[in-house]
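Before any questions on how it binds or moves, here is one chain, the form predicted alone, in structure tokens.
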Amino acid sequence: MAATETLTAERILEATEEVLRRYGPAKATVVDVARVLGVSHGSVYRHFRTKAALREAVTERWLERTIVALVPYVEAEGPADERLTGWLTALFALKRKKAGGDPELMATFQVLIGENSAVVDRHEEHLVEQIARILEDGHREGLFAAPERDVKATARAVFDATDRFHNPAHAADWSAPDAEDAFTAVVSLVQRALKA
């Protein structure tokens, strides 16, 4: 790192991702991150008090990208049923891209996700809230029936029903020849249930 560049939390997280990709979660150290940045490991610790805090922050950053990528489906104009299908399709595509595009990094983040269950829980809550907003719009538009329970419970049910297509535990199945057909069938079933 050039002497004139300011060390920020964002730069540290970028370097941490690079180190995790290169060495994997078992071998990556804060010293490795500091070396990539050209600073002492103490400088990294000034931003992140522990290695665990750094790993948690990089996991949160990684998951946040998914939330941000899905916002357009939540805030878009147009029928809620189409937006919901678009949201679910985009989530599946994002997860498949991460799993297939950079399998080493995906494997690393599966380890980090296992270490940071509270981060994953918050991430899932954000995703469920996004679905709930779409469902609320659909109810107002008359496209979706009034939920039998509260909207958030229905949104959670939608999230859980599509688990096979966004939970990294199923990543090996995402490249199967019938994955797209299976996804379409589940989304169609969800849409029919919401409109019933």
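For clarity, every value in this text was computed on a predicted model and none was experimentally measured. Position 1 is the first residue in the sequence shown; the rest follow in order.
From this point on, the text means the form predicted in complex with a further copy of the same chain, which you will not see here.
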item: Contact test in the predicted complex: Ser175 vs a further copy of the same chain, heavy atoms, 4.5 Å; value: no
item: Asn167 within 4.5 Å of a further copy of the same chain in the predicted complex, heavy atoms; value: yes
item: Residue contact check: Leu189 to a further copy of the same chain in the predicted complex, 4.5 Å heavy atom; value: yes
item: Contact of Arg156 with a further copy of the same chain in the predicted complex (heavy atom, 4.5 Å); value: yes
item: Among 157 to 165, 51 to 59, 36 to 44, 66 to 74, the region lying within 4.5 Å of a further copy of the same chain in the predicted complex by heavy atom distance; value: 157 to 165
